[in-house]
Every structure is written in structure tokens, then in C-alpha cells.
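Only one chain is given next, in C-alpha cells, and it is the form predicted on its own.
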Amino acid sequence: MQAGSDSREFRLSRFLSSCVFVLSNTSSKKCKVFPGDATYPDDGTWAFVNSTTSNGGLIKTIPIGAPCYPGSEYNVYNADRCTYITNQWSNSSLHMEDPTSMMSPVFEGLTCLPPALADFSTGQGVNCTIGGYPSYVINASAVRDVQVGVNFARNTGIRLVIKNTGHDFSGKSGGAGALSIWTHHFKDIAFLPSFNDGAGYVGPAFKAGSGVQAWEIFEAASTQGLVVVGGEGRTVGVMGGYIQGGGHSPLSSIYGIAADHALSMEVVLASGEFVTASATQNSDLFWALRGGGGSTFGIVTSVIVKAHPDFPVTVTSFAFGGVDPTTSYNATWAGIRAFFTHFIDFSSAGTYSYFDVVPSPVPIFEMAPFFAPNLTIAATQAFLKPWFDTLAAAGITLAPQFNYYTNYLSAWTANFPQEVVRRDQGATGSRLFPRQNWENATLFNATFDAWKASIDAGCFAISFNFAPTLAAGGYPNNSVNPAFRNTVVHSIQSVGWAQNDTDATIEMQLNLLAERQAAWKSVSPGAGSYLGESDRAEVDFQQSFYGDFYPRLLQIKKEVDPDDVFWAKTAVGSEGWDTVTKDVYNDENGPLCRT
């Protein structure tokens, strides 16, 4: 995948950048070109685009649930296939292998859901329409395919979106009427035993295509006795939007954020140019790509990342609270509060706590898991003993199972199950709570009370205790949200609604999320949120997701993409546009227009 090495590729790219698709003054139009517009590309134009891709890579979208609908415009009804899709709907593999399906169906407008999942009382998902799915997708297998798509979108004014695996919580890989570029099949992995980035790093690294997923790069690293910083999600495309948005990890207390370890990126810009971004080439762009978010500055096709020596890990998982009928509400919250008091100690020791709290009359606390790199079972037990003693004193009985693994891959594989797709009826928000709130008793009490109040109000919370400091990341010069560097817990809260709930009920739940997000912000002014796991309707997203780096990121955005070829909700520069939708929840089911 090298730019400029194929003269035919270069000619095609240049042709599409200057051919008859050019519309006058596309950058000043009120909306991106949308199906039904006089200027929307016709079938013949799409056929030509297909002929310029490698191996006929243009796909006309068929929603993933279409086989369940006899008589639909897609004419692909298949009862057996429908049964399979319905049974596998919660399996992330089903969606990541589909060229357009997102793992957040609510952002597609809940269209064309399998009938067993659709809500016939409100009409959501009853009809198989394209909704917020892109109209066409280029299944990119070479850089030239990406260039073809970018040039075509820029010159026609059609909306452009990018999908890798579709994990984003905010629906950034969808868009009604859009052309999508699917980077999932950029799968090359090469081990570089002694890579010199020209800026001070000499050591082991991997060059990986942007479609490489966590399990793939972890397996490749393990065969060399190494680890690469990536997420806990097995199927997340860690070389795509994950690393561009920062990327937290079970290793964050040891090595910081995933973007801290990117040494070089190859990227297609809005101009169609294919460039290398590194500390020594296009350094401003490189700074922005490492933390400033995906679908914004260009389309990354490969990344070179640092690798680190492998290590053993001890892991334990357990639950308390509502799982035991003898445990009271007050005892459960006393036990959770005692856990909070150890956040600085735990993260400073390099451990990672992945925990959730399920709202119920007696909340259910689940540690799944406590991940302790470089600690033996005995050391981990001794480390947790003060907290466990507090739990015992409160009358809480635990039955933790401790397991020791000789390497990172085996520990990660055994303890982080594949992601489940469930966000068809709900919304999320998050907060990066700062260390200073644990260093002041008054702030600590206010923080814990605000966090607890969300669960008491009915929110489900997933949280991560870690400390991705600048020191842990090696003092990188990148655009990772500054709030990460002072964080001791990243917490996500979610609200939900039933399939047959009215718009008024949905609005009530969305208002609850907004209220609880405001409460979390009130105890952590000046902190932030992780853009990859966040509220699509985040108030003042510029500060929350990017902090003080936003002005510089916006300037770089204007320089590399002056015509807004790339757009995604809450991305840098996105405030000038929004989707126009009739759905109660802002989604991708409508044209993208200037605000």
C-alpha cells in the first residue's frame, strides 16, 4: 500500500480529482448532496466510480436486517438468514463484518431491525428503509480506493463517512445518503525489530493496517514476546478511530494512552493526497491525528506503533450487593465507597479496574476484572486486602477467583469477552474524574455523591480506574484530551427506554442523562470526557473532548480540510453542520446541513 508506486493508481486518482463530477462552489452549499437532489449521482455515475476501484469495490447498501422483510425494495428476503441475523444481533462480529452496519442501531434511526427486535407499537424498525445507513460504500482494499472515494465526495458535495468496525458510541460511521469508505480490510501487520522514528525512539514496533483489530495485533505482538497498547474490546479496530481518538487500555496506568505510542501514520487527506505523518513529516497533522479524533483530518490507512516487553498478569473478578440477598443497600454503597478511596493507590501500582454498577433496590457491583500486570497472586491478594477487610467488616462476603497468566495475551483473552451490541434503546454520557477530587475530602465526598446519585436515579454505570499520566505515556507531544492525564476514573453512565415507550418518555430519559451529566460536570469543572465513549449531545463538547487543544486542532482542521469533506458528530469543526432528522433522538437519519 504505497502511494505513487503505481502509475495507473496515480492517473485514476488525478482523473477523479478533476473530472466531470466537479460542481460549482460545493463548499458553500447549504447541505451535502442528498438522494432526491438533482445533483445526486445517478446509477451511471456510480457504475463509473465502481470501475475505478480495485476489484469493483463499490457496494450499494442493503441494510443488515433486509433479509427479514419480504417485498422490500431490496428483494433479499431469506427466512433462514433472518433467523441467523436475529439470533446473532447482539454479536459484534455480525455488525463488524457488514459493510455499513453500526453497533449503535439507534443512530441508524432504528430502521430495518429484525422484526423480532422491532417495535410494532411505535413503528420503529417495522419498515425496511435505508434510514441512517450510507447509500454506497467502497470496500477499500488499496489506498487508491480511499483516494477515489475522497475525491469523488469532495467534488460532488456528497457526504463522506468512514467505517472500520462500527464500534463508536456516537454513530460516526453512519450517515444518510452518504458514501462510506470501509477500511476494515486493511489487515497487513509487519514486525519492525528496530524501528527508528528519527525523533528519539529506536526499538521494536509494528506497522499495521488501519483495519487491524485488537486481537490481531495482540496475537502478532505475543509471538514476538511483546505487547502493544490497545483496548479491552476484542474486536475494536485499534489502528483506526480508536487510536486517533486517544484510546484507553488495560495498560493505561503503565503506558498511558494508545495514541502515545503511535510513531507514524499513512493518511489520505481531503485533497486526495496520500502522505506520511510523523514527528519529522507533517508534524502538525501527526499531532492532531494522535488524539484529535477519527473521521476528521483524513483517512488513516496504516499506523506504526511502539511495542513493549511482555509480562505476567494476575486477574480476579467478583461481585457483591444485589447478588446476595443478605447484603443491604447501605452496606453495598459503603463497600463501593471504600473501593473509591483506593483509586489513587490502585492506579499508581499499574493496575486496571473494569467495573460496573447495575441499578436495583440493592445495587449490583461487578468487578470484571481487576487486572494486575507484573503482580503475583499473593501480591495481588495482599494489595486488595485492605479493601476486602472493609467489605468483610460491612458484612459483605466475597468469593473472588484469582488467576495468574504468564503473558498479557492469555490474560486479556481469558478475561475480556467479546463486545455485545445492545444500544438499540438508550443513550450514554461519560466523565474523566480528576485526581485532585481524591486528594481533598470535601471534593471526594461531592464526587462520590454525584456518581452514586446517577445509579440511584436509574443509570447503569461502567467505569475504569486507571491513571494514563504523561509520565506513563513517555511524555508524548500529541493532542490526547489533557483531562486524561489527570484522571483516576473514566466513568460511563447510560439511560434506556423500552421499545414501546413514547417520545415523551424517551425525552424524559434523555433529560435525565443531561441532568446527571451536568451533576458530574459540576463536581469536576475543567475536566473532560472521552470522545470515543460519550454523549452525542454533549454540551460544550469542544472543551469536554479536546480541552485546551481545541483551538489548535480547529486550525489544523481548517488547513487540511477547508471544505469539510470529513464530518462527524462532535468531531473537531463539526459545529458548523448537523443532521436534519425528525427522530426524537438526534441521529444520522437525515441530510447533513449547515447550522
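All residue numbers are counted from 1 along the displayed sequence. Worth saying up front: this structure is predicted, and the values here are computed from it rather than measured.
What comes next is about the form predicted in complex with a small molecule, which is not displayed.
- Contact check for residue 473: every heavy atom lies farther than 4.5 Å from the small molecule in the model of the complex.
- Of the heavy atoms in residue 533, some are within 4.5 Å of the small molecule in the model of the complex.
- Residue contact with the small molecule in the model of the complex: residue 233 places a heavy atom within 4.5 Å of it.
- Although the partner is absent here, residue 169 sits close enough that one of its heavy atoms falls within 4.5 Å of the small molecule in the model of the complex.
- Contact with the small molecule in the model of the complex, defined as any heavy atom within 4.5 Å, is confined among 436 to 444, 105 to 113, 224 to 232, 367 to 375 to 224 to 232.
- When contacts are defined as a non-hydrogen atom within 4.5 Å, none of 521, 528 and 572 contacts the small molecule in the model of the complex.
- The partner is absent here, but in the model of the complex a heavy atom of 164, alone among 164, 151, 465, 100, sits within 4.5 Å of the small molecule.
- When the small molecule is considered in the model of the complex, only one residue from 351, 183, 487, 430 comes within 4.5 Å through any heavy atom, namely 183.
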